[in-house]
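Here's a solo chain for you in structure tokens, the form predicted on its own.
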């Protein structure tokens, strides 16, 4: 079954990243952090080392829904808070350790130093919140607001780090930069999810003022148990199409086939990011190749239970494909082909750009030299150029056991296969 995606307004889903921080504290009027004394000293080096050395399991979708469907009981909500209070410092300490292991000249860069200090401040703040105090909803509300402030503090971590590495590219090899950024991104996914998951459970379990947006009934924290990929594809296609209208004065057609009605449990913001980045590549390649062929997105449910089996999404364009010489670099931070002064055939990260310092882009593929001048700042009309799209999308896909693969036929087109695993909802 085929259907043409019409221009539509972005979905108005309730996402944790958009919620207000004005929680309804059970301590009465005033700030929910009333009585909380901010720490004045940083954690000792020995404490950071001890925390970073603790065993830490990879966060899974099953872990995220382990406390059940909200509204949670008081005891379950407090258990979630204690779980977050226990393991979030471990994750923050590991990020601090990773940054400390970089050469001093890199850590001393103002941008990277900012991120390092943000992690120190967040760890200091959460360690100053006594774990033993999480025995009632008043303390849980205070803890949740602290988590929200931490999430907001780290909202721009990746762009700021990217700019820092761009400025330090003379002191780090492309391979070293790619390895560090990829590992940091994957670790950051779990760190941020752990905090956002409890925030979402809190909002859905504790009465909130009318002005505070709360997750919908199908949500368990950040997980939408009835996520419909076709709706996200529609929304992302509309968004990317608007960007194309501004940048190119045109937008390609897009059709969705396969099983557009399939649903499965997943994190909407992750799928939104992946689909947006993949459609940016496909839309741009189609327009620049002057291809009249619509982009085709196929949705297929994987074998297994409807909720846990997962899905496969294929995005197919006839935008010219990726040059064979470039295929080996498409997963590198920050390999990009976007150049505002010219057009190039190819889908996504294909083609070479001159280094910003005048070097030869074909030799060494400078991992950080592919940024636009506004590195780290996503302009409203920006459709490409940061070079993070594919590697970040793959990191998000792989985090919960999925995959992202690219197959390209040069001078013809590109197929991208996104496979995501769900999680069983038995008993929820």
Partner chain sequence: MSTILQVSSRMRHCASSLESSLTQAALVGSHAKILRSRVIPTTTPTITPKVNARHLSSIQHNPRWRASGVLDSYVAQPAHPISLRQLVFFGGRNLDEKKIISSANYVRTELPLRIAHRIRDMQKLPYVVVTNRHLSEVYELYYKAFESFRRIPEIKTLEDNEKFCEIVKTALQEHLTVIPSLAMGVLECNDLVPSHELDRFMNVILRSRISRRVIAEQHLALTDTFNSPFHFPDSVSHQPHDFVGEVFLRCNAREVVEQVGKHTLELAREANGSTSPIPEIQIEGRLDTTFPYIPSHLEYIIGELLRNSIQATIDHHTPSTTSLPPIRVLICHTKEHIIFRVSDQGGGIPIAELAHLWSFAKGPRATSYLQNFSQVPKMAATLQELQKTAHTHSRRESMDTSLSRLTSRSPNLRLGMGLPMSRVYAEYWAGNLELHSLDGYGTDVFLQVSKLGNKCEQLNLDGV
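Positions refer to the first chain, counted from 1. The structure displayed is predicted, hence computed values, not measured ones.
One more form of this protein, predicted together with the partner chain, exists but is not displayed; see below.
Asks: Taking heavy atoms only, is residue 182 within 4.5 angstroms of the partner chain in the model of the complex?
Replies: Contact with the partner chain, no.
Asks: Although the partner isn't part of this model, could you tell me whether residue 316 comes within 4.5 Å of the partner chain in the model of the complex, counting any heavy atom of the residue?
Replies: It does: once the partner chain is placed as it appears in the model of the complex, residue 316 has a heavy atom within 4.5 Å of it.
Asks: Is there any non-hydrogen atom of residue 133 lying within 4.5 Å of the partner chain in the model of the complex?
Replies: Flag for residue 133 set to no.
Asks: Can you check whether residue 210 is within 4.5 Å of the partner chain in the model of the complex, heavy atom basis?
Replies: Flag for residue 210 set to no.
Asks: For the interface check, one of 253-261, 153-161, 106-114, 173-181 should have non-hydrogen atoms within 4.5 Å of the partner chain in the model of the complex; which one?
Replies: Result for this chain: 253-261.
Asks: Go through 98, 90, 301, 128 and name the one with a heavy atom inside 4.5 Å of the partner chain in the model of the complex.
Replies: Residue within 4.5 Å of the partner: 301.
Asks: Give a yes or no on whether each residue among 309, 312 and 405 has a heavy atom within 4.5 Å of the partner chain in the model of the complex.
Replies: Every listed residue reaches the partner chain in the model of the complex, so yes.
Asks: Sequence order please: the residues of 405-421 with a heavy atom within 4.5 Å of the partner chain in the model of the complex.
Replies: Heavy-atom contacts within 4.5 Å come from 405, 407, 409, 410, 411, 412, 415, 417, 419.
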